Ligand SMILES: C[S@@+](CC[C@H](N)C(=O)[O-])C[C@H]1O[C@@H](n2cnc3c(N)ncnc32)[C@H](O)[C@@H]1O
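Take a look at this one chain, the form predicted on its own, written out in structure tokens.
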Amino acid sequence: MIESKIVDVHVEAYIKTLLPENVGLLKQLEQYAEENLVPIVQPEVAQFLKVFMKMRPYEAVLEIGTAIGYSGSLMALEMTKGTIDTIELNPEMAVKASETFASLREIKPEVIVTQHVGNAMEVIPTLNRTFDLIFIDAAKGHYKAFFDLCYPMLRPGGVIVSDNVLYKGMIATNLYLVSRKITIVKRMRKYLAFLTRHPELETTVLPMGDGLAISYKTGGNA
């Protein structure tokens, strides 16, 4: 695993020793991701999401970036009931995710997962509904564009969770900057500044995994 440069390496290693080991579907997906080099949420972020989902009854979730269905399944397993709309650009990933969600239906029939395969910029405007949780874990250079499309669909009191917002420490300091990533870094810095200054959001940025931003919507639609 690549060092994140966000948390001291010894602290990060220690925290990982405290995490409970997943079983069943999630464990199978973790093994698949490791064997096939598929990026999924980091273990400490996965555990955070488990706890976060238990804190209130999220019943309408939008996920931007399905991959193999790991984070979607993790959230679904913590929901009592509800729906998840999840969007994936890569059709090969979507095929694997469809297998994942078929298994999930047998375990958690109370949560209905609807897959959307295609560009999130095109899919989001077709979703004629509202959400109380939006999880963004897709192309990092497009987070602001994703936000602009889905924010009007977020109910007051809803939450947007943005993953990978510190991007191996490069967002925080140019000391870690890789030149070919400069466009992504500039866009993510602008995105975080936008979130933290938004008049209808309360946002906190957590140095966890590859960086996590939690934004609570206090007002009506922008």
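Start at 1 with the first residue shown and count on from there. What you are looking at is a predicted structure, and each value in this text was computed from that prediction instead of being measured.
Below, we refer to the form predicted together with the named molecule, which is not included among the displayed structures.
Student: Considering non-hydrogen atoms and a 4.5 Å limit, which listed residue (113, 87, 97, 134) is close to the named molecule in the predicted complex?
Tutor: Exactly one listed residue reaches within 4.5 Å, namely 87.
Student: Considering the named molecule in the predicted complex, which of 154, 188, 41, 61 comes within 4.5 Å of it through any heavy atom?
Tutor: Of the candidates 154, 188, 41, 61, 41 is the one lying within 4.5 Å of the named molecule in the predicted complex.
Student: Checking a candidate spot here: are 130, 147 and 195 all in contact with the named molecule in the predicted complex (at least one heavy atom each within 4.5 Å)?
Tutor: Per the other structure, none of 130, 147 and 195 touch the named molecule.
Student: Might residue 103 be said to contact the named molecule in the predicted complex, defining contact as any heavy atom within 4.5 Å?
Tutor: It does not: once the named molecule is placed as it appears in the predicted complex, residue 103 has no heavy atom within 4.5 Å of it.
Student: Consider residue 139 of the chain shown here, and say whether it contacts the named molecule in the predicted complex, taking contact as heavy atoms within 4.5 Å.
Tutor: The answer is yes: residue 139 has a heavy atom within 4.5 Å of the named molecule.
Student: Residue-level contact is defined here as any heavy atom of the residue lying within 4.5 Å of the named molecule in the predicted complex; does residue 125 satisfy this criterion?
Tutor: Residue-level check for residue 125: no, no contact with the named molecule.
Student: Is residue 119 one of the residues lying within 4.5 Å of the named molecule in the predicted complex, judged by heavy atom distances?
Tutor: Residue-level check for residue 119: yes, a contact with the named molecule.
Student: Of these, 50-58, 179-187, 64-72, 165-173, which stretch puts a heavy atom within 4.5 angstroms of the named molecule in the predicted complex?
Tutor: Careful reading of the contacts points to 64-72.
Student: Can you list, in sequence order, the residues from 13-36 that come within 4.5 Å of the named molecule in the predicted complex, counting heavy atoms only?
Tutor: Contacting residues: none.
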